[in-house]
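Single chain ahead, written as structure tokens, the form predicted alone.
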Amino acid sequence: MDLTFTESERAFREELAAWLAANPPGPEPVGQEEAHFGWRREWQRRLYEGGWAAVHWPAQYGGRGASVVESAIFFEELGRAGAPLPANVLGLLLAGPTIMLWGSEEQKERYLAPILSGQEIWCQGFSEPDAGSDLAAVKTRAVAEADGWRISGQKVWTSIAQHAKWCMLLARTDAQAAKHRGLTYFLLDMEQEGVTVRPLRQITGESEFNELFLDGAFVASENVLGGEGNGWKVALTTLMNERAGLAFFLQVRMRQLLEALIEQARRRERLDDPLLVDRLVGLHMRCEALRLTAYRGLTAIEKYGQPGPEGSLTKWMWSQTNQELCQLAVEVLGAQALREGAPWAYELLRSRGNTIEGGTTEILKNIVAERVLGLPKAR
């Protein structure tokens, strides 16, 4: 991977940085979940009107046709500007690209534009109580009817389901087939009878995630994506895109936290402690390694046209480093960092979920070992 930016890439960064400077997202609502989501939705509307909502989408679907490097630049600059991710991030990063690859022309015409504008929010109905790391073990059942499917079952850890109009849903349509082959990918309308969303309150006090209960919810035949029984292949497209761009946003955000921690240590005259400085330097090196590894992962996208298993490595690196950074902040700041409402208290509590969400560290290690390093499968 050549990390020397071209003239057009530098121009792209400068144009984006100038737009972000002229269009700040405004003050972030604190402690108000509905207001916070509304703030992010308004931010996506402004990105959309400015032509920045999904730079990685092809121009024919309303994007900028940005290269993979320009897409990385977009997420870096978004982080540097202190701006949030768009409200419909799951639609922009997951649903949209999956529909572009597997959808019919009618599905593309129906769903892509409302994703881009934020008019229709999307969530992802994959994980279940007994099918998280082993996604192919899903038990949610879809039974065929004359003009569609009736779906019953339960999903969990469904991000922003309480705000979503549509759900990327994986369900079992053939109980007799091998577990990877009996699945179908559905586009589920969340605003119907038979769909119940129950928010899960976290230790931060927020309810980012939800339980999703399906009791005879209906999906019309035209809302099957990729064909009956082909759900595993379609789901892999979604999963491959899950970590493709976020690593660049997260590594900038983590570096900002590290710089804030170094400043706190300086104010407390702790930078003459060689052990502390060694740990801070170690975190700095890992932040830089994460940035470079994320860029290296772009090579796979340029070579094969889609993200590769290297995305598992960046997510693993980020989650572990972010947890260690937040823990060190508590050691530097002491009890002050744990005071209710303190920014570092939130960061520490929220970081506990980093090694679980988006793929547990244990599963990511297996993916890296088997698919990146070529080691034998774990027994």
Partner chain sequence: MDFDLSPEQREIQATARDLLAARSGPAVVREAAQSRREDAALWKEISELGWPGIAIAERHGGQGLGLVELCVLLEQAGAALAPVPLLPNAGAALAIAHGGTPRQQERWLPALAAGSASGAVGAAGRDGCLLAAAAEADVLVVLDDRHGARLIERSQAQVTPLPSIDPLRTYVEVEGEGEPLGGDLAAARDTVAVAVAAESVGVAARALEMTLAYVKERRQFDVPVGSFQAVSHRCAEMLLHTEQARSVLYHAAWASDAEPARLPQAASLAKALAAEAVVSVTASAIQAHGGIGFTWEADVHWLYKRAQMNAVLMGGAGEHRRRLAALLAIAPAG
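Please read these numbers as outputs of a predicted model, since none were measured by experiment. Positions refer to the first chain, counted from 1.
A second form of this protein, the form predicted together with its partner chain, is not displayed here; the remarks below concern that form.
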property	result
Contact segment among 193 to 201, 213 to 221, 178 to 186, 265 to 273, judged by heavy atoms lying within 4.5 Å of its partner chain in the model of the complex	265 to 273
All of E288, R296 and A378 within 4.5 Å of its partner chain in the model of the complex, heavy atom check	yes
Selected contact from A83, L239, L280, V89, since only one has a non-hydrogen atom within 4.5 angstroms of its partner chain in the model of the complex	L280
In the model of the complex, L20 touching its partner chain (heavy atom, 4.5 Å)	no
Contact test in the model of the complex: D130 vs its partner chain, heavy atoms, 4.5 Å	no
N366 within 4.5 Å of its partner chain in the model of the complex, heavy atoms	yes
Partner contact for W43 in the model of the complex: its partner chain, 4.5 angstroms, heavy atom	no
Residues in 329 to 363 close to its partner chain in the model of the complex, defined by a heavy atom within 4.5 Å, in order	E362
